[in-house]
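Single chain ahead, written as structure tokens, the form predicted alone.
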């Protein structure tokens, strides 16, 4: 049974692109209208973005994806348009080994945002700012050209402001990294500095200093929101 109140098109951000889930029982014209409403809100974010169109297992799904993919490329200049990858059953240990060998190198947007735990042995790299909503385990390494914000525990190694941006900061809700590098400045042995406050590291007088975020407010130096 199809619920008429259910939206015919749903959109969510995934990695460096977007995932579009739609109801293939609806008319192509209706789907295009609904897609237009959603993508018009994205503005420049849609340009060259990778788009996955999920029509489930409906007959004629490839034709529908091709038609809507061409429409998106013409109207909004999106990049690659594909169907979802085939689902595979992978044993838990193989998933773990795959994750350990996987890294994310991001180049399209100035901000890379990841949700989930960064495991020991994983490397995460962002062109500019990096936001992780999750823990960074010991043995993990995260690198960014700008600021690094960890909305969880930071227990691994982190390099912000690579290669030489001393204005960058490293912030975490639970700040206990094994090593911090900002620009060309390095500090180690910071794992026991946290006292329950949200802390951040920055370069002060040529050295890395860890401070209480609420007391120092590192973002107060920015006079107006930066376009990132």
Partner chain sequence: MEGRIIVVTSGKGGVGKTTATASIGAALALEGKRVAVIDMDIGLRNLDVVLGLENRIVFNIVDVVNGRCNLRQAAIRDRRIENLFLVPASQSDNKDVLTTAGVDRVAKQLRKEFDYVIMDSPAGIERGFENSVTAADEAIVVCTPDVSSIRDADRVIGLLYSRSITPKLVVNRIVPEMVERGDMLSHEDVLEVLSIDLAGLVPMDEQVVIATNTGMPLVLQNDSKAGQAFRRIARRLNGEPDLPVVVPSVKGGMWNRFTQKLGLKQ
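This one's a predicted model, so the numbers in the text were calculated from it and none came from an experiment. Positions refer to the first chain, counted from 1.
Quick note: we don't show the form predicted in complex with its partner chain, though the next part is all about it.
Visitor: Just give me the single entry in 79, 152, 121, 145 that has a non-hydrogen atom within 4.5 angstroms of its partner chain in the predicted complex.
Guide: Result of the distance check: 121.
Visitor: Considering 32, 50, 185, 176, which brings a non-hydrogen atom within 4.5 Å of its partner chain in the predicted complex?
Guide: Looking at 32, 50, 185, 176 one by one, just 176 meets the 4.5 Å heavy-atom criterion.
Visitor: Although the partner isn't part of this model, could you tell me whether residue 141 comes within 4.5 Å of its partner chain in the predicted complex, counting any heavy atom of the residue?
Guide: Taking the distances in the predicted complex, the answer for residue 141 is no, it never comes within 4.5 Å of its partner chain.
Visitor: Is there a heavy atom of residue 129 no more than 4.5 Å from a heavy atom of its partner chain in the predicted complex?
Guide: Residue-level check for residue 129: no, no contact with its partner chain.
Visitor: Please determine whether residue 83 contacts its partner chain in the predicted complex, using a 4.5 Å cut-off between heavy atoms.
Guide: Residue 83: no, not in contact with its partner chain in the predicted complex.
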